[in-house]
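Included below are structure tokens for two forms of one protein chain, each presented in isolation as structure 1 and structure 2.
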Structure 1
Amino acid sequence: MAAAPKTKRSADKAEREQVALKSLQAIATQVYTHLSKAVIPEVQLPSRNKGNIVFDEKHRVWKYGAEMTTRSAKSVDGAYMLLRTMYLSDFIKEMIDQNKSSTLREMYYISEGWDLAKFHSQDESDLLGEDLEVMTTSMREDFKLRPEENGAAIVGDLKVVETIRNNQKRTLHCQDDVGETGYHIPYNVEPDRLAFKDVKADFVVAIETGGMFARLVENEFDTKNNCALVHLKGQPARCTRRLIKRLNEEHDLPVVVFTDGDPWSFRIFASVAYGAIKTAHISEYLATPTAQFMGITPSDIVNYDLPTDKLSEQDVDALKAELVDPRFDDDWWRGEINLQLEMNKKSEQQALAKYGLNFVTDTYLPEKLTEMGILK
């Protein structure tokens, strides 16, 4: 059940859905078989925590290791989880049969009618959706579950060919055909829904905050430096990460990540470059191993003498947790994290405005990008 996920992206949609159905059926069969043999039913899945992620040399991303968790009906929580799995599987089967899909939020509300199996929060239902992916190696899109639109966007010299309603294709240029908020990244960015054309941008700058994204767009950083700007909108959604990865893999665009200078932003970078702990089962599909962290680094805070805030208790705890996170286990990160702990300060991206509105595009980014070898 917990075999390493095979990439089934190549298979066509109907086929993938059938595979997903079979996997769900297998879980139901296992539970049923246990019950009829008087064995307390249980399923196993890889532990989804920081302690169980290992570096996958082949894909150069972090994935779940060999440690397994058992969800057993011996405990009330485990039994509820199994019961919900049954209900959710049944619901997914129904959606596949009727060619419908639902948002994660809708799925949470659908569970209202599941009596004992109903979820108490959307976190619970989201988590179970992910658990199902981990157990079956199918992806939630194959389960007909999709996230809410999250509004992440891209601006740059490239065209997207998207499949719109009635299976029509439409081509948009991500500078000329979009407003100043850019092209909104849809939740499904698979090749059958979205293709790239005339990709003329040289590299990708992924930006954490909307404020900084708007600043770079207004300052025409994309046209002046021939790059694509992607708004991550905090912790990036799967589709945003997938889109970045496709630009990187299919069009060889280097990726740099530009965030605030605090521990939470380091994690945003890690989920883009290394793979997030929550989605480590599909890291090779979402993560861009060659993505580089540009800033704001703790060193930047010192070097550029940026306005700062004091670290909160949670910030310090998060930094300390990162010191034992295998993804940050290299000299550079250790140095930066320890530096930040030492100075006990953090800065936002927009703190660069201390030196004027153009400082970021005229000075900071060119300096940093040159340093990283992306600009000459």
Structure 2
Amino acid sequence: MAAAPKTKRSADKAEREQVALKSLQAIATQVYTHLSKAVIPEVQLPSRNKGNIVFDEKHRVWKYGAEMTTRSAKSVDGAYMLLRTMYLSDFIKEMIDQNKSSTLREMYYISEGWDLAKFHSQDESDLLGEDLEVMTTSMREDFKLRPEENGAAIVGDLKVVETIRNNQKRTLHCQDDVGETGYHIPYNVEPDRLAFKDVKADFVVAIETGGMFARLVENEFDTKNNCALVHLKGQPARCTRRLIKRLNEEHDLPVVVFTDGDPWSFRIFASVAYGAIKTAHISEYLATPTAQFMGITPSDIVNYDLPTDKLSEQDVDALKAELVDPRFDDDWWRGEINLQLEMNKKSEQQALAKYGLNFVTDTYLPEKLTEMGILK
């Protein structure tokens, strides 16, 4: 398997934060310059819609294309957006200066003190935070913003060295020093906060559901097959995708994704491998383009005679949308999606329990991984 493309991102937290501040200052300077010249202020950023997603050949991920959109004070809504942008930029500068951080939820409530600039909903504040990422090419971690939740968990033969309170370092082995739920992935997994040490696992299995993750841990699949198990926790958090990306990029670990057999789970795989529209501006930092989909495939439903449920109307619409989604633009995916539409059936990972609690680790996964060339 070819190694993932190397991406460059400073390992120095202070340097990343200063780069972010300079970019935010440039936006504020542009607005100020417009106002000082009696010009209606505006800013531009890539259009954040599906039609502006293009394949980046260099990084082999889906990113925003050349289509731009303008946020201008010509409209009332645009003027409010620019006002909030200035307030939020100032709030970020204050946090960096004071070495503080804020959750996205706290940021929303902080705006209650911004008078006319306050947000009407957290969706609105979250979106502006993402817009600032797009405009500056920095990540929200550089803005000292963090989500309410962390990532999921990892179990495997490797050590992590994490920076804890007071900048102390703590080393944990992700098998010997953790419980059954594994090492819980923090929201910030940049190299200065989380380093990998003694990585002896041969590959990574990213697993959609907690039940299947627990089954593989209980059956010691990680020790018997020398792999790292990562619980995706459904649609994976950005830090989970970033951690998988780093293991693949820095330690050349192949990545396979194991999900349910439905269109929404296929999209979970796509977000791991190629990125998502919501985070297309930072796909090269989050996506692992060499990741492979392992199952449950529509063919598995047939070949393993798995218990199924009927597709809903929403499932059918999602599958049809995936037939024209560039992330599924190859003969294999088109064949599998068309087969599922023809069968009108879907299945879950846990359906493999039809053959017993050990079937998934003793038979299904070894067969699939051998077929993919991961196991010899």
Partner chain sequence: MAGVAKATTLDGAGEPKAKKGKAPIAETLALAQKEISVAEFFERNRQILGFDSPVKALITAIKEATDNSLDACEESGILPDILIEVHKTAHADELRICVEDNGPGIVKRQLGNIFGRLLYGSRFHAIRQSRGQQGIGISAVVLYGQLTTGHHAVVTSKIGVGHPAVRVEMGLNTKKNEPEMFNEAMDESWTKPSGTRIEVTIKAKFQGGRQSAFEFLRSTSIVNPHARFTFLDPTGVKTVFERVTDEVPAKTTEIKPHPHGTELGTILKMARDAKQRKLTGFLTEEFSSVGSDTARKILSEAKLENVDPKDLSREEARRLHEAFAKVKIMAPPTDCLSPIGEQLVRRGLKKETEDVSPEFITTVTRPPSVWGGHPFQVEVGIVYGGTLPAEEQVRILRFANRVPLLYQGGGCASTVTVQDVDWRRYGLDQRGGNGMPTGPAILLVHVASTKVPFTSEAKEAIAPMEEIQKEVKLGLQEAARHLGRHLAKKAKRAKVSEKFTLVNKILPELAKKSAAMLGKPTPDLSTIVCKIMDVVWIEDPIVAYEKLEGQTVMVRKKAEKAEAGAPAPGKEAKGEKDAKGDKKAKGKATLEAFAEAALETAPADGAPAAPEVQQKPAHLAKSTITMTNYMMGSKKFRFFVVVPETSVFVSATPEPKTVKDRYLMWEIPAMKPTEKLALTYQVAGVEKGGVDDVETFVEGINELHVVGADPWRGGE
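C-alpha atoms forming the largest set that superposes within 1.5 Å between two forms make up the rigid core. All residue numbers here follow the sequence of structure 1, with the first residue given the number 1. Since the model is a prediction, treat every value here as computed from it, not as a measurement.
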Do you think the form predicted on its own is shown as structure 1, or as structure 2? 2
With both forms fit on the core, has Pro191 moved 2 Å or more by CA between structures 1 and 2? no
Quick one: once the rigid core is lined up, does Val31 have its C-alpha move by 2 Å or more between structures 1 and 2? yes
Given a core-based superposition, decide whether the C-alpha of Trp114 shifts by 2 Å or more between structures 1 and 2. yes
Taking the rigid core as reference, the Cα of Ala20 travels between structures 1 and 2 a distance in Å of 2.9
In Å, how large is the CA movement of Ser72 between structures 1 and 2 relative to the superposed rigid core? 4.5
